[in-house]
Structure formats: structure tokens, C-alpha cells
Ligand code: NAD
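One chain comes next, on its own, written as C-alpha cells: the form predicted alone.
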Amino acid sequence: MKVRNPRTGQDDYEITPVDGAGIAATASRLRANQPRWAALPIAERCNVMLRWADAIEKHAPAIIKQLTIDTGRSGIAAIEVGGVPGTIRRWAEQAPQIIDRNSPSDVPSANPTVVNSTRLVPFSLFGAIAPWNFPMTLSTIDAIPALFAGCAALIKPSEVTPRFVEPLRASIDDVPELAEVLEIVVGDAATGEALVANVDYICFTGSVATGRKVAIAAAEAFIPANLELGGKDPMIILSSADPAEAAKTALRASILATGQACQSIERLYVARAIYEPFLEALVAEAEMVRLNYPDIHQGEIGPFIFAPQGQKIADQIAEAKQKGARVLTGGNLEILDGGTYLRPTVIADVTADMAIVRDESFGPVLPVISFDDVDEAVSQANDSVYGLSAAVLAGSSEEAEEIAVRLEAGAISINDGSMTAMVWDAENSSFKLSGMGPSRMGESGMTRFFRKQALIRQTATPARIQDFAEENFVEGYMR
């Protein structure tokens, strides 16, 4: 299977997708090894995982090199790779306390002769299907807490960005105990389908369309599914906000990583009192942004990782223009040495019926809509099938929060934007079509991988069948 380089447009890498038989064999091996892993005291699992964090840092130059080719961006590739050891160490600090808090013993029951204890039983085999926009981060974000919980883990990254897998595997091989219960496979949709059919818990990050297919397959396999899907994240900018500063925040929150992030701001609702100065500042800021071409180590915005995404956005822009929208800057795809680029694109006079406002874009596009009434802005922001995250900018946190609590989204950035990319300890749920299942953030990021087993201990003589004889009841109550 050919793999395209996003900076050159050339197919310069190949993978051999793992077929159904290969997935089944790998799953069987991981399942066989999982009981030994789960039986380790949590302190020992933490030590193994901390050794993996060290191994990732040892192999980081090789992983970064390949991830840079995968994504066409250098700095963010380094941030991704550098963030994983930090994530492992954070969970290593928290996992023992989380397990202890959720494993109460000898708790008095409502029945005076009974005491209860809770035992946490990890799912045997966890599975992840990850997307192409943050390949390293999203391949490991769920697997790491699952491993701490005692699960074995089977991961399939996107076939669009598979180069980083080999050097990451080298880091796993450095930790033999981990290599027994963690495997990464490459492949296409058929590989993903086989993975869902062979695991006990599936996490998927990607589009709504594919997420529906994963959910159906999970239902047929009768396993839990955690889905984080698309977003069309709104930002409301109140009249009390500084328009120049708001423009800087909105731009970064919209176009970082070329806007190829589920938490990117994709709709801007601006109070009419500051609409014009905001637009002026936003255009000025957007026009200062540089493509990181031809030097990957210069500039702020890279190519589309998945080239068809660029054409999808070009079609949205064309439709918006045909319906009367004005493109104030950007708006044209640029093919440079085979890579597909789009400069930050600010669009005014957009309306809710346009695809650029209604559908996920996943690129550096900023449609701007003015409002006269805050209720109107909230209504428009909530008028979406998505509800992943949102943002509110105002003159004070208190004013922004009054609006934030009215928005139908799982995480709201207050006086900032896209903060879920940086803050991982606040639990949040995906609203509407943006996903389903427990939060991957906060404590539930780990507890979701346990089933709770109740140990109910009778301290007195157990009841006999004769105690339930009919003559012992009066008007439905036991004597």
C-alpha cells in the first residue's frame, strides 16, 4: 500500500496492511499475556511504563524524523513525541491513587449484616484506531491509561501517516514486559474492522461517518466504544473583548497545525460593536502568517497532511463565495513542490446555510459572523450537529463564563481558545455527533478501562428458604 508524502506529493513509502488473520493472531497473543500484566501490582506496572517513557526519549530523534515526514511539519512533530513521555509520567503519578480511590473495601451496606468491597477488573484487550492529524498523540492517548489499568493494547494508526510506527516499535522492544502486551499494527479500513472484531474495548478518533461504522461494529461485537469525532467549534467574542487581542487568540486557536485539529475554532461570532476592528485586526494578523515552505523549519503553517482535505475546503470556500460571502484574505489552494497549502483564510458575510459554517472544515479557515444580541450568538453557536468544544472571549472571565455555560459543547475555553489541546486533566463529554462514551480526560481517562466487580460479604447467618414462606408475609410485607 503506497503512502504519500504531504510535502512532495510523492508516494515514497509502503506498508503491508495486516489482514484479519494477522489481527486475530496478534489479539490472541496479547490476550494470553494480559493476565500476567494485570496481576502485577500497580507500582510495578508504573515502573515498566516509566521505562517506556525513557525508551521513547531515547528513540525520540528517529520517531520525530519519521513523524515529520508523516505530517509535513517539524515543530509540532517534536511536541507530539516529547509529550508522550510526559503523559506516561503523569499517569504513573496518578494511577495508584485512582485505583485506590475506586477500590473501596469493607463499606457498610444498607443491610446491617452486609459489607461491600469493589474490585477493579481491567478489560483484557483494548483497541485503538487513530487518525492522521496527530498520529503519535492520538495513537497513545487512550492506550497509555489502558495499559496502566492492566489491559493489553492493540493500536492501529492511520494508513495516511504510518512512518513513525517502526521507530516507536523500537522503543517498545526496549521494554520486554511491555512488548508482551502492546502491539502497533499498520493497515487500512479492513485492518480496522478486524481490530474492532477482536478487542474488548474500542477507542476511535476520526470522522462522524467512520465513527458510525465503528459504533455499529462495536455494537455487533457487544463491546464498549469510545468515540471522539468531528467538531465545528464556535467562538463567541463579546463587545467587552479587546478586538486586537481577540483576533490574535482566534487566529492561533483556528489555524495552529494548519487547522487540522478537532478542537480548532471553525466559526467566529463577533459582537457588532467590535466587528469591523476585529475583522481588520484578524486580516492583518492572518496576512503575517508564513507558510513553512520551502524551509520546513521556518514559518507557522504547513501543508495539508491529507491532500483531499484541501480540496474539500476549496469547495466550501467556492460555495460560500457563490452565495455572497467575501474572502478577505487567503482562499486559494497553493501546490508547492507537490504539497498542498492554504494560507489563513478570513471570510466575511457568511450565513448559516453555507457549508463553511455548517460542515467541519479541518483547515485554516475563519468564517466571521456579526451579532447584535448575545442570545442570538448563543443560538447560532448551538445550531450545529457538533458539540465537541467552544470558546468565549470577553472583558472578564465572569462575563465569559455566563455565556460559556449556555453552550452545547463538552469543553469551553474561557478567554482563550482550543484549550483542550493543552489541558488534559478536566473531564469533558462530547455532545451531539461529536462523540460518545466516557471522557478521555481526567480520572475517567483511566477508570473507563475497568469493570467493577462487587464483593458482597454476609457477616451473619444467610437467609434460609423457609424465611420466605408465604405465611411470613402480611399484606406484602415480611413479618
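One-based numbering along the sequence shown. None of these values were measured; they are calculated from a predicted model.
Another form, the form predicted in complex with the named molecule, is not on view; read the next lines as being about it.
Looking at 85-93, 242-250, 151-159, 287-295, which stretch has residues with any non-hydrogen atom within 4.5 Å of the named molecule in the predicted bound form? Selected stretch: 151-159.
Within 4.5 Å, heavy atoms only, which of K213, K321, R358, R343 is in contact with the named molecule in the predicted bound form? For this set of options, the contacting one is K213.
Which of these residues, G72, P135, P367, G192, gets a heavy atom within 4.5 Å of the named molecule in the predicted bound form? Selected option: G192.
Going by a heavy atom distance of 4.5 Å, is G339 a contact of the named molecule in the predicted bound form? Output for G339 is no: heavy atoms all beyond 4.5 Å of the named molecule.
With a cut-off of 4.5 Å between heavy atoms, is G363 one of the residues that contacts the named molecule in the predicted bound form? No, G363 sits far enough from the named molecule in the predicted bound form that none of its heavy atoms falls within 4.5 Å.
Does the named molecule get within 4.5 angstroms of any non-hydrogen atom of G231 in the predicted bound form? Heavy-atom contact with the named molecule at 4.5 Å: present for G231.
So in the predicted bound form, does S384 come within 4.5 Å of the named molecule, heavy atom to heavy atom? Contact with the named molecule, no.
Residue by residue through 276-292, which ones have a non-hydrogen atom no more than 4.5 angstroms from the named molecule in the predicted bound form? None of them.
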